[in-house]
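In the form predicted on its own, a lone chain appears below as structure tokens.
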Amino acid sequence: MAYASGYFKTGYAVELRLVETRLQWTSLAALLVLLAAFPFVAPAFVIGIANQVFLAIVGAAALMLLMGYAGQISLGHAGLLAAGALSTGILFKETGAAFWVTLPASAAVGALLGVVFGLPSLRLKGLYLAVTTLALHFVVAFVGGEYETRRGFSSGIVIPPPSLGSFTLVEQSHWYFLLLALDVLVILFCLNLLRSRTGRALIAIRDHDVVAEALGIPVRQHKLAAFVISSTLTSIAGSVLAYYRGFVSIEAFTLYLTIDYVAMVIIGGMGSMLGVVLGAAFVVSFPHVIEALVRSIPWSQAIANEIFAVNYAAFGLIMILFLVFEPLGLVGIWRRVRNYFLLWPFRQTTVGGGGA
């Protein structure tokens, strides 16, 4: 990433580096130290919120690949999360399968759904594609509801925590490090994918698919590949979510969940993996912040039963404000702050523009 502070890339090998400068190496090392020390100093409630953020990052990264980089609209994200979670629950209940079986099996189910519901993207765009992917949610919800009803699991499928030998993953701090490692792997995978020929082709298709096809890019194959990769990662996130919560219920995967993930992509910043992290942290922590603010006012007891409505009203207002005043999302704010300090005490101006 070239900055306006005098840093220039001098070769293709430098272009492919994920960490380019000494400052970035120092910042990354400091971040890793802070993340490693966090569960030893933070209360259990805060660690639980961090774990929810880590879980959301996996699903948000998958959706960012599809919407932010490939330019394909999807409203079936909650259905894919449910597919991964239900696959894990069903395999455990019916066969007693361990997590090293259920996790790849859930990924395979997600890949299959990605093929089936990605095929319409070869002929449909925009609203028509969004409606088609929305059908995925209702199909998975129907299948999951029928299974829970017919097998007598109306209250959900209980799943014990995963274990490896005598070690059982129960404590929040244990989950913290596992989910953090999973996030690192997923983000590294996405970043390397985007720097590959496939990733550059997806970006070209997003910008203008007709021009991309004229340049010789196989548009149909790459669109389908985007759905398959995104669906696979999302189903893995659903499987891990099932183990983290300890139960699976189709009622937990509503359309509101899809809206939350779309909001993570929009608020974080379209076309940015940093936006995935910022958007997931914002959306997951936002309800807790609103609840704390509501409870801090003197007459909070009078609206205690309306916190849910207040939360979603405030959430909708925040999304509108971001779309109107900050289309680049939190990443846009971060870049302006970063560039300000990189260029200080000089002012940043547009090309050809005046300024002191």
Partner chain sequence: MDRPGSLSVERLALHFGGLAVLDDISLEVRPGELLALIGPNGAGKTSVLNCISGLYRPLRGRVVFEAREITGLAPHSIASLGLARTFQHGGLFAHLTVLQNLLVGRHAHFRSNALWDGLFLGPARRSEIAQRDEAEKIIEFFEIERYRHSVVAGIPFGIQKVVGFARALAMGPRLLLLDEPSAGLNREGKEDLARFILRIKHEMHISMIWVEHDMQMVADLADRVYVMDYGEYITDGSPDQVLRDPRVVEIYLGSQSAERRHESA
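Residue numbers count along the first chain shown, from 1. The model shown is predicted, which means the values in this text are computed figures rather than measured ones.
What follows is about the form predicted together with the partner chain, which we do not show.
Shown here without its partner, the chain carries Val116, Lys125 and Val139, none of which come within 4.5 Å of the partner chain in the predicted bound form through any heavy atom. Scanning His174, Arg195, Lys93, Arg245 against the partner chain in the predicted bound form with a 4.5 Å heavy atom cut-off leaves one residue, Arg195. Of the listed positions (Leu129, Ile157, Met273, Ile217), a single one reaches within 4.5 angstroms of the partner chain by any non-hydrogen atom in the predicted bound form, namely Ile217. When the partner chain is considered in the predicted bound form, Leu255 lies well away from it, no heavy atom lying within 4.5 Å. When the partner chain is considered in the predicted bound form, Leu16 lines it closely, a heavy atom lying within 4.5 Å.
Although the partner is absent here, Glu213 lies within 4.5 Å of the partner chain in the predicted bound form, judged by heavy atoms. The closest non-hydrogen atom of Phe286 lies beyond 4.5 Å of the partner chain in the predicted bound form. With the partner chain left out of view, the stretch that reaches within 4.5 Å of it through heavy atoms in the predicted bound form is, among 273-281, 201-209, 104-112, 81-89, 201-209.
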